[in-house]
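The chain below stands alone and is given in structure tokens; this is the form predicted alone.
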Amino acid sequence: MRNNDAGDNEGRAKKGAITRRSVMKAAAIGAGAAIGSGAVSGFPTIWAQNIKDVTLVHIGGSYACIKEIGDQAGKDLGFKIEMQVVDPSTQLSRALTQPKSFDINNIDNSSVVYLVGKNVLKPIPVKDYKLWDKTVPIFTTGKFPDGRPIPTQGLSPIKTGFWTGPDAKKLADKPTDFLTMIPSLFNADTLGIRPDLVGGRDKVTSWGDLISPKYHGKAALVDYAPVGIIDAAMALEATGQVTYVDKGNMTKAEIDKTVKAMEDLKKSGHFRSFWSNFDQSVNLMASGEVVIQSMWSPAVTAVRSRGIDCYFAPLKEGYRGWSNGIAPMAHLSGLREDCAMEYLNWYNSGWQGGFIAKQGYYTPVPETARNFMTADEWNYWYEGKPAAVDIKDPYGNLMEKKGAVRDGGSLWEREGHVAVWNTVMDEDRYLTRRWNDFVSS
């Protein structure tokens, strides 16, 4: 649906003509509050058949491309969403070499940098996204709700969220009328630990603990250069071994110092493993092979759902922040383009946000997600209040018992202490080469 066509469509409709967008608009109005509550209905038979035959392929990481989300979207919208889980390198390769092999790109905001100037993403007019005015300000203005500017180290959402214009040639350094993606989820990451194997939840308080001799042979790091290097830098800076001007955009000299320090640790046997996907991180922690590591919030959730104590430790130096978004691919046109926009508008309308909240993620439009959570779930996940009841994950598995408090507290207690964002550095190619040297050393 495109708002700028509304007037023309209405005029043509009055003359008896039926256009694709006017029909989709009329169907949406006729369905009322269908989004998030059941299949959209009301399409004339011929259009209902066309919609039914549409399949949009949505690719991304396992933490976001979840079958249940695609299934629910299909029920609500009347066309199919096929979720395909891929690792980051495969996803980037497909976007660059096979951009027509999928329709929706679910990417970390920093990964947009790799796609600038490649003509693979379709710009999204702000006016066509219905929930922009309800989106939290870290995406719309680059500020926290209290008015403080968000940190500038790394690639914050505001640095990669906008195109300079409808040609999608360059990223803008301030808000414009054209989005690179619809923000879909965000979080603030830290280190995962096994409290039962390190002596308690209060034993890890600094990023520096990741490289502490106390955990020799029991630590793990994510094997993804843009993220792993930040986790390493947070640890090295916390222990005073390396000082950075900007951890989110290191010089070659800073990269070399970081890699040398990590190579020395690796050769000493400090790291038990380097994981490259969600399941590996879960299994390393659940087995007890690793007691401290780079970790994602839902991986902590997955370990807990097995009845094993796992904790996302709030660290005094702050969090590594990140955000994800969904972007339509440039090849989309006609009915498939309209369906993609309907899907983007559905995505943050509530159901998806309520689902991912129970994995520990935040949605950019919290007020809609709240409608798909119980008051007790909202208070635990978003407000940081003690759980009034047992807390379960999206699949009904016990995560936390009554009385537990979320690691780090409320949304803005956690997100408000981000120190650096996931990033793609100016020296990205050099970093990748040096990171590979480190992993293979």
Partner chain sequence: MHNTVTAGRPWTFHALTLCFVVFLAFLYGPMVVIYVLSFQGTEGGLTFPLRGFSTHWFHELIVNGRSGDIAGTFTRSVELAAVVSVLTVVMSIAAGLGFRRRFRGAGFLFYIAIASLVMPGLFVGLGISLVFQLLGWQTDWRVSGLGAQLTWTLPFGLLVMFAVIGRFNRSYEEAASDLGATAWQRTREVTLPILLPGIIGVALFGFTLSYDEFARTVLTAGSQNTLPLEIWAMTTNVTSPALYAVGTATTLVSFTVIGAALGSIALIQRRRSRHAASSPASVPATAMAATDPARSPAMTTQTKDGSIELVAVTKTYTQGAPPAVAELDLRVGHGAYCCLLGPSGCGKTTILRMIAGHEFPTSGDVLIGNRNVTLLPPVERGTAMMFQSYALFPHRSVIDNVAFALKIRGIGRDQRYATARELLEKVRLEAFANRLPSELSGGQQQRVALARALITNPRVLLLDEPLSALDEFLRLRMRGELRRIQRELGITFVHVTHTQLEATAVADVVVVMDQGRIEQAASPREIYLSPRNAYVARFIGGQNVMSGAVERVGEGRATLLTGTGGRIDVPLDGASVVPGEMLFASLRRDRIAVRRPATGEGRRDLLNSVAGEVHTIENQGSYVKITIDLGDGEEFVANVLDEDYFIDPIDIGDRAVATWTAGNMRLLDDRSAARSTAIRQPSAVSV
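Note that this is a predicted model, so its numbers are computed, not measured. Residue numbers count along the first chain shown, from 1.
Not on display, but discussed next: the form predicted together with its partner chain.
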item	value
Which of 199-207, 302-310, 230-238, 182-190 lines the interface with its partner chain in the predicted bound form (heavy atom within 4.5 Å)	302-310
Contact residue in the predicted bound form, chosen from 261, 171, 332, 85 - any heavy atom within 4.5 Å of its partner chain	85
Partner-contacting position among 345, 164, 277, 212 - heavy atom within 4.5 Å of its partner chain in the predicted bound form	277
Residue 100: touches its partner chain in the predicted bound form, heavy atom cutoff 4.5 angstroms	yes
Partner contact for residue 282 in the predicted bound form: its partner chain, 4.5 angstroms, heavy atom	yes
Close approach of residue 90 to its partner chain in the predicted bound form, 4.5 Å, heavy atom	yes
Partner proximity in the predicted bound form: residue 68 to its partner chain, non-hydrogen atom cutoff 4.5 Å	yes
Contact test, all of 153, 315 and 412, partner its partner chain in the predicted bound form, heavy atom 4.5 Å	no
